[in-house]
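In structure tokens, the next block holds one chain alone, the form predicted on its own.
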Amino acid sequence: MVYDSAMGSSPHVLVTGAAGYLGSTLVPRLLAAGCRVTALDDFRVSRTSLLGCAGDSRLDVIRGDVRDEATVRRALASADVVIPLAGIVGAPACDREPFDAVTINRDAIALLNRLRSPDQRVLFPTTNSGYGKTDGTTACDESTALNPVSLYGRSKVEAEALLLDAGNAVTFRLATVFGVSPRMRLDLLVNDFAWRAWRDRTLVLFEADYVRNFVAVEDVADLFAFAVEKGAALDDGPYNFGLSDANLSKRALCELVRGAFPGFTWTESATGTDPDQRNYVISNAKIERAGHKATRSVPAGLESLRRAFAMLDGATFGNA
């Protein structure tokens, strides 16, 4: 991997929320690419997801809170690139913890933005649930108006605006992520449907025709590694990121799940609502023009999940 010459041969990347679902996939990816990594996390959810990286001398670990100014100053000290993953992720989790949702998802980003130097580049994951409820047929691109429905969506959209207004920032409006991670989550839609298919063989499906986009957690880790490599050659601004052939209705997703878990059935219900009201087709053309594309398919991810469930049977891994 060749990095931006302004950063030198070994960029130093600060990753907050480094022990989480995405962070525990990304940190090993960055280390393998030759980066120095500072991993900041309070480790309240996962204490073991980064243990496999502990032998790498290029990794520094800081246990702390992203809302604490002294901790953030220390973590930023020598970073070239900042990837703030720490957050309360998903509408249900934010509704359970509204204070943390606002102070971590938005206010901690404002703190980071205030403390970083102008030459410290931020690569920020937000969510394409910020587009809110649409007709489910017109493709949303980066010029589409944002209309978040949930506290989660609002907090991420507000944080994105802070960073983009400040400059030297790229934001990635991520599709619904799926797949296996060292810090496993089963509450994400694909993972949840697959887990129910494995454990119960059935589920009750509401809003079956609602469409959303999907992307593998490994593809998201590759995206951030790509953005570190590109440096300032990747234009500031927002980028949608997901599988371009995976704008799927919930019903279509169930059909794919049945392919990986034979015997799985579902019943459609007229009651029940998604708290984010996500119903949109996403265009990922902008990031693809920039040179990066998601490639790992939903069926491949379901096969990985099936193998993982043989090890996780009886366990629960949510976002709490």
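Since the model is a prediction, treat every value here as computed from it, not as a measurement. Numbering starts at 1 and follows the sequence shown.
Separately, the form predicted together with a small molecule exists; it is not shown, and the next lines address it.
### Task
Using a 4.5 Å heavy atom cut-off, state whether L203 contacts the small molecule in the predicted bound form.
No - in the predicted bound form, heavy atoms of L203 and the small molecule never come within 4.5 Å of each other.
### Interface membership of T126, the small molecule in the predicted bound form, 4.5 Å heavy atom rule
Answer yes; at least one heavy atom of T126 falls within 4.5 Å of the small molecule in the predicted bound form.
### Message
in the predicted bound form, is there a heavy atom of the small molecule that lies within 4.5 Å of any heavy atom of G87, even though the partner is absent here?
### Response
So G87 counts as contacting the small molecule.
### Task
Classify R289 as contacting or not contacting the small molecule in the predicted bound form by the rule of any non-hydrogen atom within 4.5 angstroms, answering yes or no.
Output for R289 is no: heavy atoms all beyond 4.5 Å of the small molecule.
### Query
Does the trio R44, V66 and I104 actually contact the small molecule in the predicted bound form, every residue with a heavy atom within 4.5 Å?
Every residue of the candidate spot has a heavy atom within 4.5 Å of the small molecule in the predicted bound form.
### Task
Sort through 169 to 177, 244 to 252, 110 to 118, 138 to 146 and report the only stretch with a non-hydrogen atom within 4.5 Å of the small molecule in the predicted bound form.
In the other structure, the partner sits against 169 to 177.
### Message
Give me the residue from L305, V298, V13, L22 that has a heavy atom within 4.5 Å of the small molecule in the predicted bound form.
### Response
Looking at the other structure, the residue within range turns out to be L22.
### Task
Name the single residue among L188, L151, A221, A75 that comes within 4.5 Å of the small molecule in the predicted bound form, judging by heavy atoms.
Checking each option against the small molecule in the predicted bound form, the one that comes within 4.5 Å is L188.
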